[in-house]
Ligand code: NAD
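Quick heads-up: it's one chain on its own, the form predicted on its own, in structure tokens.
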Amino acid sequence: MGYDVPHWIDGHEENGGGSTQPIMNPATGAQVGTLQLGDESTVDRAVQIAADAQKAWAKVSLAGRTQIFYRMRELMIEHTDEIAQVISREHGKTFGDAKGEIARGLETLEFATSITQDLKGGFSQNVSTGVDAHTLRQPLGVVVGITPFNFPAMVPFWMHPVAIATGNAFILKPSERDPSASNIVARLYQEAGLPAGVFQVVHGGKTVVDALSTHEGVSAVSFVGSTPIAMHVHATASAAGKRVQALGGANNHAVIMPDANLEFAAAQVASGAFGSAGERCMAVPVAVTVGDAHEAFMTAITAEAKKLVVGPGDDPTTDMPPVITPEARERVIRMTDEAEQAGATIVVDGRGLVVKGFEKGNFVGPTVITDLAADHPTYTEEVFGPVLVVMHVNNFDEAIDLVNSSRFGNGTAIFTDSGHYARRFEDEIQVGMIGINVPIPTPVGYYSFGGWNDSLFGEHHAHGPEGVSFYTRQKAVTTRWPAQNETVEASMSFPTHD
């Protein structure tokens, strides 16, 4: 039914694995395509092809690599609308939001065009008499990216440009929910001149994830998704001897200080809480009002939530799209029910929303909850939907303690006009990414993305300079060039730097 999405292996589309899965449109609830699912044999074939391709690719000059990335950037710009349309159809997000994630993904591609600078090693002359030392960074080999449904373009772009630019071959396992964008990217890489086998796409579920995470030909695994699966991938791949970066879930807080511009803060928090139906690892599902800020902020955020237009992503009037699956919609409703049963106040209720003409879509409206206990799962867990829980504390120190009590540590924000409180916030908060009057502090592509605590498993953050470190390993080289007639007596002592 609809179109077919196969794997991309060795420079062309091909089926493999035998089983399939429907691709659904979240706005209509209808099947729009069929996805080919791989198995262990599909993974093994892709890894072997990648290993052969990587040996030749690693020998391509840095200038040759960067020219491909320059061409790839132009192709991505030319095909932005095509990619955004399939993202909107399969994920549900608005066309503008889909174009936005492509633009943010291009930041990492642009970073990769400067890989000539980021692979420069160090050099020290005459560290000992007649002896020099230098370092160089070399690729790992075949590396893997396992990516989530919520950013089918941007998150893979956090991985593959840096991995490929540093000389590796890359195998992408995208989400089964919205796989088509990855195949388009593969086609564009080929048009840009990337050799076959250097970038491949293998579709599938847990079977493919585990096969990629344990295959003896894979050197490293990058993952972005929920915390339970991040822990599984990290444990499985690490036990198999792989280098792993596994980015997990989040429950990001935005602290609202009494001195903040509260209408500005409410508008920004609304964008963070309800943009893309809250299905972002950098969403803002919790607002923490401090002292006298509470009542005015509640009035402002209620107005912001109620004015949002909910509908299909391809409607230009839509502010907030559907969630990805019926199960995701049911989870949002269930967790709102449980909060209400525990005594919380449902200030804005999205549970009964029906979008006319799209009654089978996965729609749920913006929801604002307050008066919820700090140990309730609707506050402590990742809802991953358009739900904003507003917590209230008496002062700044209590706000710091509340944010730091979360087991997650992905992103957080503070809204304030006080440089004093902003500086204390960035110093004392135990979170990896911080926004000051910025609700979604996702770093630009030439910095690195990653959280703390249960939001990251592994040592390296994604893209930027830490991405270069993750996808390469360093060699330290010590050299001496004696004259042909130079005679040096053997020494049994450990060499010193004389």
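So that there is no doubt, residue numbering starts at 1 and follows the sequence shown. If you're wondering where the values come from, they're calculated on a predicted model, not measured in any experiment.
The protein also exists as the form predicted together with the named molecule; that form is not presented, and the subsequent description refers to it.
F149 is the sole member of F358, F149, F396, F95 with a non-hydrogen atom lying within 4.5 angstroms of the named molecule in the predicted complex. Residue-level contacts in the predicted complex: of G225, P312, G197, P139, one residue has a heavy atom within 4.5 Å of the named molecule, and it is G225. Using a 4.5 Å heavy atom cutoff, none of G33, H79 and R187 lies near the named molecule in the predicted complex.
In plain terms, the part of the chain that comes close to the named molecule in the predicted complex, with a heavy atom within 4.5 Å, is 216-224 out of 124-132, 216-224, 267-275, 350-358. Although the partner is absent here, P258 lies well away from the named molecule in the predicted complex, with no heavy atom inside 4.5 Å. F449 belongs to the set of residues with a heavy atom inside 4.5 Å of the named molecule in the predicted complex. Proximity of K206 to the named molecule in the predicted complex: non-hydrogen atoms within 4.5 Å are present. When contacts are judged by a 4.5 Å heavy atom cut-off, C281 counts as touching the named molecule in the predicted complex. Heavy atoms closer than or equal to 4.5 Å to the named molecule in the predicted complex belong, across 224-254, to the residues V224, G225, S226, I229, H232, L247, G248, G249, A250, ordered by sequence position.
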